[in-house]
Structures are given as structure tokens and as C-alpha cells.
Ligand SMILES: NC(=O)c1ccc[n+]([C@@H]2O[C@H](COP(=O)([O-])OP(=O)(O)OC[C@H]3O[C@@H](n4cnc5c(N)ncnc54)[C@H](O)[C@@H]3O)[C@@H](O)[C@H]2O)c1
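Encoded as C-alpha cells, the following chain is the form predicted alone, with no partner shown.
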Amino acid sequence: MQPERSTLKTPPGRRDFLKKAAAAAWATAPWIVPSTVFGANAPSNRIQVACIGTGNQGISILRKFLKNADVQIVAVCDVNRASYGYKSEDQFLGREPARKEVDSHYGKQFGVGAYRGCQAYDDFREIIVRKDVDAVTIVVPDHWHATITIRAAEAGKDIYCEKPLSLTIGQGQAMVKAVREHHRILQTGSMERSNPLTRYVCKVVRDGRIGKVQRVITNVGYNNKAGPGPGWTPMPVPNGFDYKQWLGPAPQVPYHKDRGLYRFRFNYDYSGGQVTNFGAHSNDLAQWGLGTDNTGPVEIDYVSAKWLPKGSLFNTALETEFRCRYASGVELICKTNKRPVGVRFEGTEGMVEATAYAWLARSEPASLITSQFPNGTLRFDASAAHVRNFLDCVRTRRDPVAPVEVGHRSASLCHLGNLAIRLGRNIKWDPDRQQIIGDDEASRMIDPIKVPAP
């Protein structure tokens, strides 16, 4: 039986991309290097990776992959050739800086001087058709996650996809289906799942050491960028930036520098604000500690939200609070504050709280965690460990610590919170059928982008 075709939008048409890929194939293979250079990590044993998205987070993830001796990055892809203006203004990023960094790394590693084994693309489809690519990283705006993930799965690639996994609940469902139907490995970029501290804290909760959990509090941060207000003026598209390709399945709208690069996360056409940015970490930890990785809340209540003036380029909530209730009676409160992104579990016999680097506990959990982390803090590169876990699973074909279903359910919780605050009302949710109950308008927003398959 053939798998159903996806209903997600294909990228802007480029009829010659297959021809271009074939023509460039001779240049994509790494330069011939003596086998003695590689030892146990000879090319035939290496996982060949292509990195799609080389901006602020993309270059960080690329560097984590480079540190693994059993990996060979053979291609990079980004719609931006090269520019400043990412999270910090002095970052000069894009596909060409990424390509040069990869080639420089391998040139030094292999001791061969000039090395030109990494090919740069501006269209991800040219990477997907390459037979020599085993896995891809997808570190692009959220509105592209589903399309690229599904195409990669169909092409037989394993996938490291940044969080939040999807732009909408419906797209997340389609991603789960594609990954499982094509027997691929997918790691969601929720790296706190690879952090020994947060892992242990969530285990303490699941083991019942704080008694019956009554309440969970998760934190999301304030917006860390400001965009133009009502009456903003479109800007010319910079040279080297394929804006049409960047928009892809999103509405076709005039260009402004604050629409793209790092700032995409503050517009609902491309992301879900800090609720999905930071919430994809804190709410993911809540799901993990509660043991609800394969389910979710049954009610999502709107509490409050603050917004920019209508007509501003940024349209996601500046501040927000929503509350969820699980079938078990546990209440989850997600709100904007200045505290470090993390999670707090309150139970009948104690409390425990964790962020990426620190913990706080009351009653028995305090002594338990002190025995493991006596300084009360931990400095650990969770992202590097998360990448390593993915690579190990590519080899063993076992599920990673943040598989596609986990990424989907954690993202769904964030999306449901956003639906409640955008509509300004409470929502009832059936986590088994993954359907909103009794609210047609909210149901239509589960997946507002309906477009044909290629």
C-alpha cells in the first residue's frame, strides 16, 4: 500500500533544480583524502549530513555535528547567501559562511590545506535528492519544518529538526505520519531531554518522590526583539536573499528586515512567539515529568495576554498566561516572566524546580537531587549530547530521547495555549483523538495552511 501524499505546500517552483543538482554532483563529493587520515572513521563509516538552515541556531547545531568524528557534513543550505543581522548584529551568517567553515574544519582536520567537499545550496530540494546524504538538520523558521521534514522522510533521510517541531497541530500530525511510514529517525531539538539535571528532576517526579503532582508552573520569556509598529514601510529585498523561497508556504507579503532571520518567531505566520520558542522547552519538561509524552491536557483556559498595537509587524503576544488541566486533575500554568526558562512541579509531599543549569527542591527531593548534583547547579552542553544521541540512533535505529511523537505533543500544548490566548477564550481538547471539542473556529486553526501536494 502506497503512503498518502502530503497536503503541505511545496516550495516556490524551480523547474531546473534537479538538473542543477545533477550538474553539481561532481563537486559535492569530498576531495580524495588518504584512508589513513580517517582510521576507524573512514568515509564509508561516516554519517553524511546536510545542514538546512545556517542562521543563528543553525550554525550552532552545525558546529555540534562537526565535533563528531563519525560525521561528514557534505552540504549546507540557506536562502541567505551571507549577511549580518541575526540574533546579534555582528553575526555574519548564511550558506557561504557555513560552507567555508565546514571546508576549513575538514581542511585542518585532514591536513590537506584547501578543502572543497561541502556544497552550498539555496533550495533544500537539491539536497533531498542527493543519494549520498544520510541525514539532514532542519533549523529554519517553523513554517518550513513540516514541508522539509516530510520531503526528507519520503527521500529516506533521518532528521534532526529544531523545536518547536511544527507551526500547527495539523502539520505536526502529518510529520509524525511521514516519519513513521518511512521508518526514519527524527530527533526534536528539545535538548533539555539530554541534560542530566533535568532528566533526573523529571525522573524524581515520575517516581512519585513529591507525592501526587497537583500543579506545574512553566516559564516563557519576554520578547527579546522589537519590530516596527503600525504604518511600517516595506524595504527592498537584499541581494543574495531569496525572499520568495523564504516565505514558501506562508502568505506572500512585502519584505521587511524584521520579518526574517532571527525575528521570524514574533509573527504568527512563521512561528508562535515565545510561547512556542521557550515554551517548547519548559512545557516539554512538564510533559516529561508528568509522564504525558503521548497525550496532553483536556482543557486550556485563557487567562491574560498583552499585545502590540494592531498593524505592527510583530503580532505574537508580548506577555501571556494560560492554564491547562489534565484528566488526572493536574493543573499546568504557563506564563511570561523574567525567571529562567524551566519548570516547577508541586506535589502533596514536596516541590522540585529545574532550569537548564540549576535546581531547587523542598522535602525529600532536595536530598535526592543533592546526592546527584551537590552544588545545586550543572554546567553541561546538552545540545552536544542531544546531537550525539541522534547520531547513535541513526546507527542503531532506536528512537532518540525526543522522537517525533514527543516533539509533536509538546508543541501541541504550546499551540493550544496560543489558540486560547489568540481567541481570548477557553478550549476543550480531546488528546486521544487530537481534536478540539465544540469550537469550530478553533478547530479550523489547528492547521490553517491547506495547500496541494507537488
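Numbers for residues come from their place in the sequence shown, where the first is 1. Nothing here was measured: the structure is a model prediction, and the numbers come from that model.
Separately, the form predicted in complex with the named molecule exists; it is not shown, and the next lines address it.
Is it true that S282, N315 and A411 each have at least one non-hydrogen atom within 4.5 Å of the named molecule in the model of the complex? Zero of three within 4.5 Å in the model of the complex.
Among the candidates L186, M175, V79, L332, the residue which, in the model of the complex, approaches the named molecule to within 4.5 Å (heavy atoms): Comparing distances to the named molecule in the model of the complex, the residue within 4.5 Å is V79.
Only one of Q214, S363, Q245, N223 comes within 4.5 Å of the named molecule in the model of the complex by heavy atoms, so just point that one out. If I apply the 4.5 Å criterion carefully, the residue I get is Q245.
Decide whether R265 counts as a contact residue for the named molecule in the model of the complex under a heavy atom distance cut-off of 4.5 Å. Contact check for R265: yes, within 4.5 Å of the named molecule in the model of the complex.
Check I52 for me: does it contact the named molecule in the model of the complex (non-hydrogen atoms, 4.5 angstroms)? Contact check for I52: yes, within 4.5 Å of the named molecule in the model of the complex.
is_contact(G58, the named molecule) in the model of the complex, heavy atom dist at most 4.5 Å: Yes, contact at 4.5 Å.
At the 4.5 Å heavy atom threshold, is F322 in contact with the named molecule in the model of the complex? Close contact is absent here: in the model of the complex, F322 is far from the named molecule, nothing within 4.5 Å, heavy atoms only.
Determine which one of 304-312, 237-245, 98-106, 342-350 lies within 4.5 Å of the named molecule in the model of the complex, judging by heavy atom distances; exactly one does. Only one stretch passes the 4.5 Å heavy-atom test: 237-245.
Residues within stretch 416-444 having a non-hydrogen atom within 4.5 Å of the named molecule in the model of the complex: None of them.
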